[in-house]
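Just one chain is shown here, as structure tokens, and it is the form predicted on its own.
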């Protein structure tokens, strides 16, 4: 029996999506219509709207056969849920529709390029996976798969490449060359993860161009979700090194979110790497995707979860998975800078401001509390002596809290959600080196019911983390140990 899987998913959304009340969701972070969300996909501007798709299983709060969910927005703040856009309905995507991207095609249609995952039976009776890149075209709501899919296959890769780990095409158009390009994540048997470049004159006929960079078995066996863009005089390749060993505290064991900084030669199609850095130092950040807004800003969103924490589903949850708040990317000294998009300022209400407050013992300030807030704390030593540690606790009550502690002597930040209410044994701590500034540090917190995003020193580093503390725990406190810290505090309630 031939079942229309997209119609089935849309009918399920209609029946069950409205059963999730707004009080059960974050206020200003994207969540799925119902069920499971992971990677953001197809982040683009089309026909007057921002479009944001996402990896999606509407039927459960666990990962399973992937669809694409769909939202649109006029301002990157208020998102409208549209019906599911893609379902795994063809032989070449029978195991799932994995990540991809979007642009406007020459004929004005919205083009989606995605990874189709096929499961098939090998000669010995075992199951094998093959990943290819496929197209779909639509009007911003309804999409039809290209009749000659797939358009990019693993047979086009260099020898020694995996057919099962070849995914996540990020597409763009080079006007000077009148040519389309896409970078794709790949894995090789000898060198581990790679980023490969393909080109096409017409979107339908693609060829392999070059391998831009490779792990050389130093940074994981597979590189997922690559991107490529220039800001200032530096080219950046965000990517996800999978299954790598820890490297100091810059990279942890397992799956990481990283970026390569260097120079991409647009004539020779080569990339000269100058450095590799963590893209986010928190516990929950994966699969970033970026786009350029009509006013020229590079904006990025990511899945605020990781493969390692995907089983930490709250009890009786009707949805699971959320995206980071959109971030504007800039660069400084060849490093990426991330800050919340400036549009958030239109959502700020109820300003509370303190200046030159001396902190020693645990201190709460009147008006500084809440679970849906934008909070900035500027910290500096008081009395001419360097304090030993400074801690901010959020989502706090008499039992629960989430903390961020700064050690100025080591110039290390420690994030800890051990007491944030999880009933599972999961990763709860993460730390990061920050630039030493004589004991001064600026910490900005975006708190939204089930998450805490931290922006350090005006976006030099970020730490993204989920929490599921009971909503009544809304306290915020400050404490200095081993000396006095002087702080300025700026706090707003966020209201859509």
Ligand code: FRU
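Numbering follows the first chain given and starts at 1. Bear in mind the structure is a predicted one, so any value in this text is a computation, not a measurement.
Keep in mind that the form predicted together with beta-D-fructofuranose is missing from the display, and what follows is about it.
Judged by heavy atoms within 4.5 Å of beta-D-fructofuranose in the predicted complex, the contact stretch among the candidates 70-78, 167-175, 212-220, 417-425 is 167-175.
No member of the trio 368, 401 and 469 reaches beta-D-fructofuranose in the predicted complex with any non-hydrogen atom inside 4.5 Å.
The contact with beta-D-fructofuranose in the predicted complex, taken as any heavy atom within 4.5 Å, belongs to 287 out of 85, 287, 196, 113. When you look in the predicted complex, the only residue of 395, 225, 102, 304 with a non-hydrogen atom within 4.5 Å of beta-D-fructofuranose is 225.
Proximity of residue 57 to beta-D-fructofuranose in the predicted complex falls outside the 4.5 Å heavy atom cutoff. Contact annotation: residue 49 falls outside 4.5 Å of beta-D-fructofuranose in the predicted complex, judged by heavy atom distances.
For residue 461, no non-hydrogen atom is located within 4.5 Å of beta-D-fructofuranose in the predicted complex, even though that partner is not displayed. In the predicted complex, beta-D-fructofuranose sits beyond 4.5 Å of every heavy atom of residue 45. In the predicted complex, the residues of 33-55 lying within 4.5 Å of beta-D-fructofuranose by at least one heavy atom are, in order, 38, 39, 55.
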